[in-house]
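Only one chain is given next, in structure tokens, and it is the form predicted alone.
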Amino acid sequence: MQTTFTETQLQDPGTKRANEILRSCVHCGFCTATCPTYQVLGDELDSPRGRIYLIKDMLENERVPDAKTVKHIDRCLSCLACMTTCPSGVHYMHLVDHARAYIEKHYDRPWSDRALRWLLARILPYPTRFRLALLGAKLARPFRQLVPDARLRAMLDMVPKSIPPVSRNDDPQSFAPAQPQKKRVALMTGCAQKALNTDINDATIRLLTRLGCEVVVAKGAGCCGALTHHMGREAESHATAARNIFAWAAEMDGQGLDAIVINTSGCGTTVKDYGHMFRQDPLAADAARVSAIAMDISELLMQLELPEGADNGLTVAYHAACSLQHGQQVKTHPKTLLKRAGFKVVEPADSHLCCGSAGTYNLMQPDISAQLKTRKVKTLEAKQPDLIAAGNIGCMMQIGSGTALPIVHTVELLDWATGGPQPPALTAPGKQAPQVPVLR
């Protein structure tokens, strides 16, 4: 794609990177075939190619974003399926992130949008605030029909029936390995996940220590910054990410780390991009070091000796989170591990398509998100599994709200299969619990 940025414009690092990405696009349109919003809405401007044209026009002309441009960019899930499909290697993620930051600086949103985005940015990355908000939302849910804004109703709908107690495993500390030490790793405990589902981190710690890892929860680490980053709120996201970089760099320079392990794939995609996010920052070197050893839990487990289990009779429908299969290009590891542990793994049709969660997307774009959820649940249930497994808390909440099948994190099943407790979600009220016990 030909661009006409001036030398002055290209002095800005974000614009310079956008120019590189735009020039790599050859208008082929392959991306439209795998774009969920284009499939649902059928509008060229709701495809990656269409959004690229809008972004190019906005940035080249240094134009104040109009409502039309903002609408179509806001509708993007950042599922990154287009990056997996693109034969030219267009790095759409960096482009749309820069466009969102530009919009945040130059576009005056309606007051209701500003208020809602401010509220999400002030609550979701902070586990204690999020817990309090969830409790308040539970009290408000009986009055759902009186809420005029569909986005606020969507927030009430996403509140879990029960809010787990705080897990002290998420506090800064170190967990000793149960066998001779193979690795020393830092576990990213996250933010929203600590309020919504404490079983995931608990299972991760049990499994890794059982397999010979010392697991460290670093003091000062917390939210990865993804939630605010994808809203275009760069200052907030970078401040949050910087705290992680300081915390993990201190561990690396102290007793050392073999990996920073992440069990929420949406966070993993962002942490692995810290090197790019901080490329012009004094923290650039440490950010690059952190990104270099960041791993999804499935990547780390592939390096460890996970015991091989006999067929346990359970069929697991594996949902591939977009942030894992597209953002990190980790596609086979979770399935390989589940099969090794004794599960039969099946995949839904169109497994490359997003479930509609996408961070805060299901809260900001509830109608489109609901259509994608319905499609995803239908394809998963068509496989007639005993349960569903995923590697991202957002996907688990989204899909779990639309099916009676239990949905658990992949690591919970691997923990169970190797001696840990049965995942609580498998016996949750209202869910169809599997009848076949896991053999060990």
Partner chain sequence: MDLIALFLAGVPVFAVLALVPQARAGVFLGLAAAAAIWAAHQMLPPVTGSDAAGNAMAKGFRAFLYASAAGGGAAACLFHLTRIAWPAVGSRGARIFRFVFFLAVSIPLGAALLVFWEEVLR
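If you're wondering where the values come from, they're calculated on a predicted model, not measured in any experiment. Numbering follows the first chain given and starts at 1.
The same protein has a further form, the form predicted together with its partner chain, not shown here; the description that follows concerns it.
Participant: Going by a heavy atom distance of 4.5 Å, is residue 362 a contact of its partner chain in the predicted bound form?
Facilitator: Flag for residue 362 set to no.
Participant: So in the predicted bound form, is its partner chain close enough to residue 149 to count as touching (4.5 Å, heavy atoms)?
Facilitator: Outside the cut-off, so no.
Participant: Quick check on residue 273: any heavy atom within 4.5 Å of its partner chain in the predicted bound form?
Facilitator: No, residue 273 stays farther than 4.5 Å from its partner chain in the predicted bound form.
Participant: Wondering, does residue 171 line up within 4.5 Å of its partner chain in the predicted bound form on heavy atoms?
Facilitator: Residue-level check for residue 171: yes, a contact with its partner chain.
Participant: Name the single residue among 344, 138, 352, 333 that comes within 4.5 Å of its partner chain in the predicted bound form, judging by heavy atoms.
Facilitator: Only one listed residue qualifies here, and that residue is 138.
Participant: Looking at 144, 129, 279, 71, which has any heavy atom no more than 4.5 Å from its partner chain in the predicted bound form?
Facilitator: Looking at 144, 129, 279, 71 one by one, just 129 meets the 4.5 Å heavy-atom criterion.
Participant: Has each of 250, 253 and 286 got a heavy atom lying within 4.5 angstroms of its partner chain in the predicted bound form?
Facilitator: No.
Participant: Given the stretches 84-92, 195-203, 290-298, 258-266, which is the single one in contact with its partner chain in the predicted bound form, using a heavy atom cutoff of 4.5 Å?
Facilitator: Selected range: 195-203.
Participant: Output the sequence-ordered list of residues from 158-175 with at least one heavy atom within 4.5 Å of its partner chain in the predicted bound form.
Facilitator: Read in sequence order, the residues that approach its partner chain (within 4.5 Å, in the predicted bound form) are 163, 164, 165, 166, 167, 168, 169, 171, 175.
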